[in-house]
Structure formats: C-alpha cells, structure tokens
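Next up: a single chain in structure tokens, the form predicted on its own.
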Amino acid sequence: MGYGKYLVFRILNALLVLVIATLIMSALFVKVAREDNKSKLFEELRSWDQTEGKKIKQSLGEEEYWRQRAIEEQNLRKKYNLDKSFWGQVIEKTKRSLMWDFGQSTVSIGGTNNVRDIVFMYLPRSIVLFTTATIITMILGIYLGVRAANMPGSVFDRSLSIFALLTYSLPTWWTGMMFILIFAYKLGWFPLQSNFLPTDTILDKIHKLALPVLTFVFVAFGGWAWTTRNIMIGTLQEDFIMAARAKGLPERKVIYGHALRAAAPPIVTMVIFSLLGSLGGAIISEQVFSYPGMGMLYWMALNQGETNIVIGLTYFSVVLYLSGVVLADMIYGFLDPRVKVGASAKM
C-alpha cells in the first residue's frame, strides 16, 4: 500500500509538471508564431495593395478599395490564426500538444508534413547512434570504475582518473572533428560523412556509424568510470561490506552482490537520464558527422522557423525526462525502502 501511494503521488506530480511545462512552452512559441504570422500578413497585404488593390482603387474608387481591403485583411487574419486571442491559441496549442497533435510543418520532410510522424521518423536514427554509444559507455565505465574502486591508489586507479578527467573535458564536437581529420581524412579508415544512402548495406551502415560511436565512447566513458569509482569507494568502506568480507564471502560477491547494489541509486539515475538524453540526439555532433538524427532535425526546424516541429521536439524531450524521473523514483523505492516511507509519510 505504501509503495502504491508513493507511485501514484510521483505520477501525479509528473503529470502536473508536464501540463505546466507544456503551457509555458506553448505560450512562448505561440508568441513567436504570432509575431511571424503578423509579418507575413503585412507582407501579403502590401502585395495585395500594389496589385489587386491598385486596380480596385482606379476602377471602383476609394470607398470600394477600403471595403475590399478590410475583407482581404480579415481573410488573412483567419489564414494565419490571428483572428483568435493569444491565450485562446495558447490553451488550444497546450491541449493539442498533450494529445500528441503538433499540427503540420510548412515543408514536407520525408514525404509527410505531420510533425508527429516526422519526429518518429528521426527518432530511430538517434537511437541507433547515441543509445548504442551510451550503452557501450555505461558498461565500460561502470566496469572500469568498479575495478578502480577495488584497488584505490594503484597505478590503474590513478591512470584511469587522469584519463577520465582529460577525455571528459574535451568537447564531443571538437573530438569528432579531430577523429574525422585523423581516421577519415588522413588514414581513410572511415567515411567523412555518416548519412545513410538507400543503397547502403548493413555493413556499410555499421561502418559509417563506427567513428561517431567511437568518438562518443572515447569522450564519455572516463566520466562514467570516475563517478562510479568515487561512489563505490565510499560504499566499500561501510560496515556491512567489512562484515561480508569477515564472513568469508567471495570478493566478487561482496563487490557485485553487496557494494554495487548499495551504490546503485545514483548510478541508476545516471543510467536513466543518459539513455533518455541519448534519444534527443546532439545538434552540434550530428552536424559534425552529417548524421540526420533528432539534433539535426531540431537545427533545421530552428533555421527554417518550423515552430510546430520545435514544439513537438521540445514536448517530446519534456515527456522523456519526466518519464525518467518517475522511473528513477520507482527504482529508488524498490532499492531503498526509506525513500517510499519518507514520501508516504508526507502525504
């Protein structure tokens, strides 16, 4: 019962935050869209003045010109949704966004103008690249971090810490450019660009993904190892670990069965948010490798003023992160009963 109330409380919290975040996001982008639409309206009205309006003024007189102009302006206001109030548009946009209806884009992308379809078209590409690289990074980083924590002060521990601080301080996009220069341009081991062609086989696609995955793992795994190592060192000094060793349990079971489980909550948080973050892509890194993922879509939408696509991508990110928070809370409640007891006591 306590765990059920805890979960309901967390889910309701997340839904409330989602509604508030969507309302704020809609207000911001509706304001931008209205200003953009006003500019388009004035431009079209001025064009009408110089063509149709000029003919009406010369043939039918001033009074008829102003009457026709008012009708034309009213039609344009309706065309660009300027006949509705600002808050009316915000509430409508919020409701539609919450129902995953983001409207249409002005240009066709991949044969469709439906923003939801466009987002789901680009999502698998980011999963293939960034989620794969994130999983490799996590496995490698946690494994090396646990090994370093088990031998603090050793050459391996000190070397790993220095290497982690060095690589983690490098920007991914800069490292990507250096890797392209060395491994693609100078050595010719990998292609210069990672965009897929219709004629590419599975091996061709793996070959094109290898360099960006290698770049991401090289930059990020050290940070994971360093963080895991610091968390595990504190846990390995706890009394229950000493008691487990005094009982004669195998060292492997002490580390992976006791210490790693006790240190799991912060590591689980990192895992969840890293996996969810990988779904959003990376704008600069995808530009460097010419990879058509979510980051590239975001950049294209910003450049072309595709407000509906920007709203769809932003809403998608909010939903992902709130889902991550709820999932992390669920796992916390499972791993550490004190979390759910504390939450239930406040209800």
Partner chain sequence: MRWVDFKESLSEFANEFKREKTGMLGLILLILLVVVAAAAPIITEPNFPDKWRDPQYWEAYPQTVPPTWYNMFTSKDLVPQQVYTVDSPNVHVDNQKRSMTIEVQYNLSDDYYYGPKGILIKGFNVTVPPGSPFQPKISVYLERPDGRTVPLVEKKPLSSGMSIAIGRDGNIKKATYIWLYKEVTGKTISPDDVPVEVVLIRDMVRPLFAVVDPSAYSSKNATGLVDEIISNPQTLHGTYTLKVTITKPFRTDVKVDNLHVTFLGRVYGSMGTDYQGRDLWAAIIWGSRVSLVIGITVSLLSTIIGIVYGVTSAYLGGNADEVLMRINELFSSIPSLPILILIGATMGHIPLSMIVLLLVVFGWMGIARISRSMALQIKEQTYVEAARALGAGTGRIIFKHMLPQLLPYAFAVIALNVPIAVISEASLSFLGLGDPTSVTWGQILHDAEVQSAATKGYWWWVLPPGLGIAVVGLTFVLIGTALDRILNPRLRRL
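Bear in mind that the values here come from a model prediction, so they are computed numbers and not experimental data. Residue numbers count along the first chain shown, from 1.
This protein has a second form, the form predicted together with the partner chain, left out of what is shown; the following refers to that one.
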{"item": "4.5 Å heavy atom contact, Tyr298 and the partner chain in the predicted complex", "value": "yes"}
{"item": "Close approach of Leu322 to the partner chain in the predicted complex, 4.5 Å, heavy atom", "value": "yes"}
{"item": "Thr314 within 4.5 Å of the partner chain in the predicted complex, heavy atoms", "value": "yes"}
{"item": "Residue contact check: Phe216 to the partner chain in the predicted complex, 4.5 Å heavy atom", "value": "no"}
{"item": "The unique member of Ser85, Gln74, Thr106, Ser169 whose heavy atoms fall within 4.5 Å of the partner chain in the predicted complex", "value": "Ser169"}
{"item": "Contact test, all of Ile24, Trp174 and Ile283, partner the partner chain in the predicted complex, heavy atom 4.5 Å", "value": "yes"}
{"item": "Among 107-115, 225-233, 77-85, 126-134, the region lying within 4.5 Å of the partner chain in the predicted complex by heavy atom distance", "value": "225-233"}
{"item": "Sequence-ordered residues of 25-58 touching the partner chain in the predicted complex, heavy atom within 4.5 Å", "value": "Met25, Leu28, Phe29, Val32"}
